[in-house]
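Both blocks below hold the same protein chain, though in two forms, and each is given as structure tokens: structure 1 and structure 2.
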Structure 1
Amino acid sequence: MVKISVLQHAPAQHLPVRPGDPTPRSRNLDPLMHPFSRARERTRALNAAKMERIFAKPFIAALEGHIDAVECMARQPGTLDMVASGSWDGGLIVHDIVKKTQQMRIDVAHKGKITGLAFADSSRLLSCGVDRNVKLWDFREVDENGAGPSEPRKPVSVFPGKTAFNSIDHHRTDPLFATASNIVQIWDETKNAAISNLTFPTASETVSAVRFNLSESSVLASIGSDRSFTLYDIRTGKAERRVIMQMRSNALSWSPTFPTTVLLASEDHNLYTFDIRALTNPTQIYKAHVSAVMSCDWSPTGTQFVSGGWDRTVRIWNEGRGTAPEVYHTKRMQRVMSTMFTADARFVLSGSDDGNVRIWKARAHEKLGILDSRERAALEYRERLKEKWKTDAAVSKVSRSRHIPKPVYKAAELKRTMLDAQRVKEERRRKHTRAGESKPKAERKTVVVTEQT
């Protein structure tokens, strides 16, 4: 005798209770058990990625006032609104980026271009230029000399030097600042002459940038025209370590969250992060620019940084990810000379050859203004979907797609061709060389030529 198991349903559960009532339907309300749940979720993730690209409008405003290239910018510590910019025409402007107004404007702060800016405190600003002077300014509405916003300003102090200055940075706590010229000099705000000269015994370079470490403020770093990167200690008055790289660096920036990490913007179109405890190899190489990188700056969170280059683009990178950065550009923006994050890490500033300081959103698709609870929940849900489905081919393709100017695209294409040709040439050379004589070398190990102590 064969035993048969059958499914039995009560007919009453599938018939209307009263005549005219709709026929009841059994539904499984558990979304995890639904046969189309993953397909629906993938479609939502793809739509979220598409909506992100649709609403990606990063440009906010352009702050005018300069008539020549904006070489340098500085952010006032402890505030979100005050930013200073210096130009090749010698003009100095302190911007209020919230109101988009000018807190202070000096048309001829220096004779010749301004090469460096640094805030001394909440009301004073240091500037240096090729006229061999460092000047201390009071940018309050009524300064120490009694001059108002519409009256010509005079510097509070002038510190004369012997050679043109290329960069300046202020100590975080003490009334000290460092300048870069043919040597690195330490100055006291209360004295007219430098109190210390820092140089490496065998160095003969022109120092192009200098920065104090954000955590250990007695440690100082500089880059020079002879492809060098040097570390100093102002307590001993000596250069502690020095490395020579393949190509010279144009800018440097210390990480705000990892005190031993420094970022270098190089002439070879790349950016490098180094751990100063081991300077033989960079910890990461960042590749996307198609021309020299002129500026770089870390986000206050330490998870991102911004760079600007000779290729007329601004790029925002994620720390540790060496490719596929966010790319910003406009038709009118020329070569980007300076870039900077705001103190809340929500906005990016760029100064370029056309004399404008531009304000960008750090996240291109972010909506500005007040969000209600439902809108915030929807945005968070879309972000989670994109993160969950980021490995999907269609979602990844939409998220990575960027429209860039044709000259930049063509230059990147040509650069890829040249690098491929160089790689093939090296492989053929190794193939026709005696075994073991020509070994392939990792790119990270070719960046630094030599280290000096």
Structure 2
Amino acid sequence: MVKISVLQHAPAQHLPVRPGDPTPRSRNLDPLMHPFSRARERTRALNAAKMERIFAKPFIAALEGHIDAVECMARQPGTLDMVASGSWDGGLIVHDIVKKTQQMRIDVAHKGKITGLAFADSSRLLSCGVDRNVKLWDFREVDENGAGPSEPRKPVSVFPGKTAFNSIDHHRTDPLFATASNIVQIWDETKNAAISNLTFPTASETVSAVRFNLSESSVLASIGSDRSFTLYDIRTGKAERRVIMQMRSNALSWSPTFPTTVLLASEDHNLYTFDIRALTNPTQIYKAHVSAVMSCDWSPTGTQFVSGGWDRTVRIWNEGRGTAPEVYHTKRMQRVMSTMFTADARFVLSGSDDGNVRIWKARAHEKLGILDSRERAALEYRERLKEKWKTDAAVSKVSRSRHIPKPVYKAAELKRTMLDAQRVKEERRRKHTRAGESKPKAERKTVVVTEQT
């Protein structure tokens, strides 16, 4: 007796029940049914990487209004839209970056350049300038009594100082603010003179920036013209620690998520993150700028930060990865004096020498607007593919390569050549000295010259 059965498919199982229904799909996960699955996945990953580069259009808008270079910017804590910017001619604008309009505009807020801005609370803004004044502004369109702004706007109060101010920062919770001139001063909003002066005993320098720590809010840090980085505590009223580096820093930013991490933008084209518990060497060196780094700011997530440089580029870095940042540039953007992440970590602002504040996407290829679920699934699949195949030579080359302006490219090339030559020279010198006489020193160990307490 022979048992015979012949394969036959039931069409009812594989055809839609009614016209218009989706066709049922059947799956067979046997690898023999899917030849070249790896090679095809690689092709898909390569396409995903190429699509990322095709859709990388980071520039969103330029906010005009300043006559001279934008020196400083500040964002209002707790909101997504209010951003203040001050320029070299003393102009002060509060932008609504969502509507792309100007909330407040004062053409001559200070005589000379505005050097620092800080939001005091939900309706008031502090500004300081080289005219030796700190001014407190109310930037609301209508105040609580329903009255419109006085025309022209007048500051709510003025705090006179003795020397030109270089930077200002407001305490996270208390009505205190700190200013940087030749010393660091702590002010109370309600008092007319500084309540305390902080300075390192042996230092006589111009302090160029001061920032409060975001979590440990009584700690503040400053950088100065002595190539120094100093930590203060307002509870003790003293400078706690001071570090002298090879080159001076231009900007300073505390990490919003790691209270001990601080980021310095240095004149030597690099950025450094320090752990303030061990100030002998930076935890990471970030190298890509080809000129002095003028400004830096952490993303609110603490995983990224943005920096703007004298080389007319804006760079977005991942924390802990010292090379190959995202780089933004346009033909008309000049030296970038100030940069900032927005509060939702999706956008980046840059203020430059040409008097514009530019809005960029933090992820260049991100699609703005509403995504439907299939599109989102496709995007997530592409992201995963890129992640999985990032070690493939072709994929990584596509996602690595960036077009940068020719002067920047040439400058980077020249810099590389010079550094190579230096290194070769050092190696030769070491080779021809007695063995063990001169040991190579890690670059991280050479950044800090001395640490003072």
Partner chain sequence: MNSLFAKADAIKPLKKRRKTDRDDNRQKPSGSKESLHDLTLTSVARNTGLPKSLRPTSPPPEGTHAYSHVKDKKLRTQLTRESAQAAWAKRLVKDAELLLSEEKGLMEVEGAMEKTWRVGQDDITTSAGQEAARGRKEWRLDGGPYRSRYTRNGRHLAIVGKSGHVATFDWQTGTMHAELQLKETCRDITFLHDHSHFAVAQKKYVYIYDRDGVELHCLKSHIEPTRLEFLPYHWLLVSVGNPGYLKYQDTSTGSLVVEHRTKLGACTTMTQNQHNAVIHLGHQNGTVTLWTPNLPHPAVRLLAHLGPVAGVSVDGSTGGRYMATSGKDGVVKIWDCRNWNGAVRTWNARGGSAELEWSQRGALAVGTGGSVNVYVKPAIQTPFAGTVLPPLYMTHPVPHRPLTSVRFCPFQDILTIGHNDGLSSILVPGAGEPNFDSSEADPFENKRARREREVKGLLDKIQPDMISLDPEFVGSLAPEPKLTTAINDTHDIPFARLPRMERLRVIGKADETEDADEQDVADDGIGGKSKPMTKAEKEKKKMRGKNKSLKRYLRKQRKNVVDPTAVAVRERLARQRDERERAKAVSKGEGAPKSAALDRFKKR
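Everything numeric here is computed off the predicted structure, so don't read it as measured data. We call the rigid core the largest set of C-alpha positions that still match within 1.5 Å between the two forms. Throughout, residue numbering runs from 1 along the sequence of structure 1.
Given the two isolated forms of this chain, which one is the form predicted in complex with its partner chain? Structure 2.
Core-aligned C-alpha movement of A442 between structures 1 and 2, 2 Å or more: Stays below the 2 Å threshold, so no.
Superposing on the rigid core, is the CA of S26 displaced by 2 Å or more between structures 1 and 2? Shift of 2 Å or more: yes.
On a rigid core superposition, how far has the CA of L7 moved between structures 1 and 2, in Å, if you could check? It moves 16.7 Å at the C-alpha.
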